[in-house]
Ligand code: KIV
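One chain comes next, on its own, written as structure tokens: the form predicted on its own.
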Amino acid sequence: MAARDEKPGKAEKVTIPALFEMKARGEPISMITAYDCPTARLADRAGIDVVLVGDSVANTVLGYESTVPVTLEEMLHHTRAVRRGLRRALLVGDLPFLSYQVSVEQAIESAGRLLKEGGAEAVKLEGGEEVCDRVEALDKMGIPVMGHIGLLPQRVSRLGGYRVQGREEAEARRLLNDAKALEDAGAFALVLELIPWPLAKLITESVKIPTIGIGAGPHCDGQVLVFHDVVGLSERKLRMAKRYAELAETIENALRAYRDDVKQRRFPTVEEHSFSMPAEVLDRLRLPEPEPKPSEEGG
């Protein structure tokens, strides 16, 4: 049988029903973070299924120490930028810390803004049973919700740092119950972060909605990574991430070469990088500027 000649960028628009179909036929879902238009465009052309504007923009791009300080306004700014770069992938926007915890009404307003002003097609929020009333309310309003359990970056101080969740029976049972509760509340998918792979496999088999793993092993319905970790633009090297390029070194070398060319006057050159003008215009510019004629109406 001949191989299929298929260009990912030309494929049909990814929808939420399409994700369920992918789970049903065992096709893994690819998901990645993006925070700007050029990155989104690259992800779309590469055939990535889901693009997440994660609150990880806080410590990945904006220089914060954690995801906690990033605001809804900042998330809207980056979501709009990513929206402009996407055609095929499903766009999910993260609800940042304290944009949905205060009340159901606050959650509806914040999520609605991510869709209405940011162009997101769905939102993601962190938490288990304690946020199910938010998930249910958003679902009733027609706002699709992706859940997120396991390691919750917005609560990393309470969890005692970035550590694996669910190794003990009680904690593992709570995560399993959280997954089922979020599904019952109307979540269309679940991110499983930093949990043991056997537990992630059990959760994936126990719910009908797709699971997206990050540090949760190979048995989830899909995988998500931070763009900067994938291409080697982040300084951190995580066990749960795989680096597919080392762009930081490439970019730094390019910038050093540019600096050296500027310092040595190798860039720009007249022949390759500059623009000319008519010689007669330049000659006239070297002459004294003609005196203005007196006005006939002047006194």
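One-based numbering along the sequence shown. Because the structure is a prediction, the values reported are computed rather than measured.
Absent from the display: the form predicted in complex with the named molecule. The rest refers to it.
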With a cut-off of 4.5 Å between heavy atoms, is His78 one of the residues that contacts the named molecule in the predicted bound form?
no
Quick one: is Val51 in contact with the named molecule in the predicted bound form, heavy atoms, 4.5 Å cut-off?
no
Is Ser30 near the named molecule? Define near as a heavy atom within 4.5 Å, in the predicted bound form.
no
Looking at the partner-bound form in the predicted bound form, is Lys124 within 4.5 Å of the named molecule by any heavy atom?
yes
Could you tell me which one of Val226, Cys220, Val131, Leu91 places a heavy atom within 4.5 Å of the named molecule in the predicted bound form?
Val226
Scan Leu86, Ala179, Leu199, Ile214 and let me know which has any heavy atom within 4.5 Å of the named molecule in the predicted bound form.
Ile214
Among 55 to 63, 260 to 268, 40 to 48, 245 to 253, which stretch has residues whose heavy atoms lie within 4.5 Å of the named molecule in the predicted bound form?
55 to 63
Can you tell me which residues in 178 to 214 come within 4.5 angstroms of the named molecule in the predicted bound form, by heavy atoms?
Val191, Glu193, Ile214
